[in-house]
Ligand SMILES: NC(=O)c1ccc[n+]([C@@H]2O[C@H](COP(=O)([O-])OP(=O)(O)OC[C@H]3O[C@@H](n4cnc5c(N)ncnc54)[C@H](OP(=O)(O)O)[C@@H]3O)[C@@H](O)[C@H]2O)c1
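So this first bit is one chain, no partners, the form predicted alone, shown in structure tokens.
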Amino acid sequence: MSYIARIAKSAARPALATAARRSVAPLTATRGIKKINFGGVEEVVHERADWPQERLLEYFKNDTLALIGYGSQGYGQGLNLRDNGLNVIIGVRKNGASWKAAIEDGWVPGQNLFDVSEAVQKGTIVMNLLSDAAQSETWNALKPLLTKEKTLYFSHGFSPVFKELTHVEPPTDIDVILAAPKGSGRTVRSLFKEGRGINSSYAVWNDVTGKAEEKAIALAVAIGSGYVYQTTFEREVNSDLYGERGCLMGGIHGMFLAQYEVLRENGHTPSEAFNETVEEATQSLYPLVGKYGMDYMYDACSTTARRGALDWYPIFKDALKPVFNDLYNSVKTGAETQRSLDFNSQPDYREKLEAELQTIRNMEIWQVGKEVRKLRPENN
């Protein structure tokens, strides 16, 4: 382990200096709703405590939540809604893989598991959690079933925002809302079970009843959110597509590969290259950044590491910002949406996707990672 990792890992002192510099204003409460100053911008944040289970049960007592699709988000949100005691049913293709997965999770055919069309007709709130490509493919069949008095719910702004490409144009005579967890459905579920809760955004596309915003916030809490902040459909999809292609997945993977390859090309062993690139980052430094912030990391590391980071982060920023600008433009113009729809609508897309993922699995860096993880104390 390097000096920076030893220093950061052993840092147990409270982040007093960092806390003193934070620009979070004191909380002001109105019915539990809090206004927080995020770096000079005041936002309203709704918390799970604002919507305790008894309030959710009362609010949705006359509703049937028809959750369509049982992929990652469908699984997490559906089970959380069920555990919260709400009347939720699942709609998927009968006898397909999702149907069988739902049965394994305790959903009962004819009771709370139905074919898609039957579920939509039974639901007062239709939660469209099909994949983006599937939403586009099934929209013509689904739309006529979205009669007045129903509510249409999304967890991603993809389909309605890029309706020229997806052909998903929500009805204008019903409430259309969004609650978007900032993580996978598996995380939505695991954090709920831990009694914590993921953070989510909410948005309103149509407000016919005058209650769409309140409904969106309540549903965001009901699916397992710890706190909820406001966005728009457009901002949600643009930031989501941008983020997952950038720092969350694509960008960080590319940076890992570049650093690893340079180390290997300069004579470093696979284990050393992996430890200095991935293991130290994910096991020592990133958790501290997540817990205390990057400014804390600068405070906690060695003077040598601090000097190098201060010198080099502007260089990386200047080199990468044009790439991020290109990426954001590609998202905003719909180019990324078109690429996604074109690929994911192909009949053999699963086989093609598996081939690409297998290439990643076979990369030396991730093969080395399998062996390094076996050496962690918790795995021995």
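What you are looking at is a predicted structure, and each value in this text was computed from that prediction instead of being measured. Residue positions are given as counts along the sequence shown, with the first one as 1.
Just so you know, the form predicted in complex with the named molecule exists too; it's not on screen, but the next bit is about it.
Backbone and C-beta atoms of the displayed form are kept clear of the named molecule by more than 2.4 Å after its pose in the predicted bound form is superimposed, which defines the site as open.
The named molecule in the predicted bound form comes within 4.5 Å of a heavy atom belonging to S155. Contact check for A300: every heavy atom lies farther than 4.5 Å from the named molecule in the predicted bound form. Looking at G96, you'd find a heavy atom of it within 4.5 angstroms of the named molecule in the predicted bound form. P171 falls outside the set of residues with a heavy atom inside 4.5 Å of the named molecule in the predicted bound form. Heavy atoms within 4.5 Å of the named molecule in the predicted bound form are found in one stretch of 73-81, 278-286, 139-147, 263-271, which is 73-81. For a residue to qualify, one of its non-hydrogen atoms must sit within 4.5 Å of the named molecule in the predicted bound form; none of A66, G106 and V120 qualifies. In summary, among the residues L129, A203, A218, V161, the only one with a non-hydrogen atom within 4.5 Å of the named molecule in the predicted bound form is L129. Think of it this way: in the predicted bound form, the named molecule has a heavy atom of just one of A222, V176, V88, V92 within 4.5 Å, and the residue is V92.
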